[in-house]
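Here we start with a single chain on its own, the form predicted alone, put down as structure tokens.
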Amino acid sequence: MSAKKPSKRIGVFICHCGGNISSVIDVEKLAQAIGKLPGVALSTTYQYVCSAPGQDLIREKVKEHNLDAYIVAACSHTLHETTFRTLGKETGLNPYQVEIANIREQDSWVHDDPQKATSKAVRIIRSVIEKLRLNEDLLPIEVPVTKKVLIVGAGIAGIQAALDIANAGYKVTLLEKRASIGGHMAQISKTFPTLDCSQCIMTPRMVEVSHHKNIELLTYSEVEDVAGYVGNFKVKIKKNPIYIDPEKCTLCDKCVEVCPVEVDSEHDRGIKKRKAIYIPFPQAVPATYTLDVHSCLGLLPIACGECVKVCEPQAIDYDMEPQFIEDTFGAIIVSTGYELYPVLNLEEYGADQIPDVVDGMQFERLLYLDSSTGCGIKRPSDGKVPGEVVFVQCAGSRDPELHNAYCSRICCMYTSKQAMLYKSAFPEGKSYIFYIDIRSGGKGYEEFVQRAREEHDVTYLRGKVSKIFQEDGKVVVWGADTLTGEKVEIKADLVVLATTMVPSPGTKDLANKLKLNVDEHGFTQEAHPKLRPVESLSAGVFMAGCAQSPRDIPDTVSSASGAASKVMAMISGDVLEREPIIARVDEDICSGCKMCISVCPYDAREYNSDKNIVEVNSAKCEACGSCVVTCPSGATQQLNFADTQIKEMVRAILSDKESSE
């Protein structure tokens, strides 16, 4: 039995879309067929319905024909649904009495037979009409908003976003799991294509963050738990102990002098050593010592204590415990950055087996550490300046059979930069770059690569390296030049692998806590790559920088500012308005079985023991529909997507009639 259909005067506006639709679909014939359907008070076409004249036409016709609702038959709802619903509100209609019928992506773009495409368009529009007949008038859900933002990850992306938001007058908590902020940009020697000193750019921003009145900086900290919803996220933060009281510490360095433990420095990628008590790097923020509990002999159990003995201000405290901080935030930005693909996975290149095979970041540290010597790079094995350096691009990337399929986007550029810096420091040296193809898409990037070729005599070899091994104190590189068709063998002193950028460890765990999607590579997934590039599908959670995909510094900064602007727009008002198309529970039918609670990915459903029913937290519900398909009694329905509407739409699609009874 069909649902009772309220009487509505419905208008249908069919868009030509500049030929995207009308070149395949006979829009005039379509308008005539739709105009014969019951309840359709108007059916007309226009070249570009989304244009200003097209919107004026809708305003005019809504008033002229006294329409209660209307449909725009055009492109995907993701493009212009907001436009036309806003227009509907301006004409005096409830915005949820406006629908989109997608006859472009779902019809004209995938068909070349005009007759079949036109017939399909009739069915699509007819099904939307049946839905619209049963649509309810809805009002946006108002949610109070906390005007404070949490940013997870304090590399250049997190720092940029924090400063943008804080400078606009909003409070920010900037979270970093390491002992210092700065991320990988703090490890880089110079930046392409201008060859600016990376630290000269980064350090002032790091210091500004540490002194900004609107920024709370929490290092050595991580997100423990997240509850709540957009505008009111309840976040539990774990601040790990550093075993040093920064207020007492005078940075005298005596503790470092007596510490007997040496381990590889993370900041210097193992090129240098550090003590168990250390400052990560000279420009670190906060500028305080940290005691590495994993390598220190003075903890778990106490077996050393030398640093305590020499610490006159008694700043070292072995009894420090983790602190747990709970706070409420209106929005969250994920800027967790990246790591490099482990060289252990590149056995064919001798990585982690041959001392003079290093990754790109290790070479950056060699450049930085030796930049003041005037003699260039010193190779790890013997400290000598390498006479020949081979750079291998796409090490672990663009290789779906063995490693990662995607391109890291920045390797072509930083390899050119590194080869230039090496040649500038040691003009007599030889540098070779093996590449698949050069990807230099950016302002001034192509010119930068040409400088490497022409001004610095860098030799580019188009082809992949097949094997790298050690022989007679040299690192032998076997490859091929696909332009000449010849095999290539180079006996080098140092090999640099441009390894793939991969998501930072912990990104997936954080994504689970925030209900974020990740792509097949583990990067966070945006809501829409073109229209919502810094937003996630979890309302109130945004992303910036390399947490989302491999990026260079300009792109990272741009995405961070984009995320910051979205956050500021969201929290600028006293309340948030959310889509009201959410799930609703019919209390008369609900049996309180609780099956829907376990399947809700947003924790939006709560059991009311007094009524023995399940209730919906409208601020959390994202209208995913999981509860609807799970509910055995049909008590849960999604507003304006009820079972009755879906059935009527299916009936309209399957009907062979050109008009409904």
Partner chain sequence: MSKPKVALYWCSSCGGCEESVVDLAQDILPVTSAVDIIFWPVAMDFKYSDIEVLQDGEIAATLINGAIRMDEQEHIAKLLRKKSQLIIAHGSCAHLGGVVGLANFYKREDVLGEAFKEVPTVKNPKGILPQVKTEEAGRELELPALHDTVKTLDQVVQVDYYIPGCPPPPELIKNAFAAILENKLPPKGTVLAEKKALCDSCSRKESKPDKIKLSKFKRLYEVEWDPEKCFLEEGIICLGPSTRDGCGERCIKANFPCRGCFGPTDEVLDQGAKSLSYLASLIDSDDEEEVKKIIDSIPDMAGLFYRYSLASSILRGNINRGTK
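Positions refer to the first chain, counted from 1. Not measured: the values here are computed from a predicted model.
If you look for the form predicted together with its partner chain, you will not find it shown, but the lines that follow are about it.
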Answer for residue 315 alone: is it within 4.5 Å of its partner chain in the predicted complex, judged on heavy atom distances? no
How about residue 589: is it within 4.5 Å of its partner chain in the predicted complex, going by heavy atoms? yes
Does the 4.5 Å heavy atom contact test between residue 603 and its partner chain in the predicted complex come out positive? yes
Flag residue 38 as yes or no: does it have a non-hydrogen atom within 4.5 angstroms of any non-hydrogen atom of its partner chain in the predicted complex? no
Among 65-73, 24-32, 45-53, 627-635, the region lying within 4.5 Å of its partner chain in the predicted complex by heavy atom distance: 627-635
571, 576 and 618 each touching its partner chain in the predicted complex (heavy atom, 4.5 Å): no
Quick one: which residues from 569-599 get a non-hydrogen atom within 4.5 Å of its partner chain in the predicted complex? 587, 588, 589, 590, 591, 593, 594, 595, 597, 598, 599
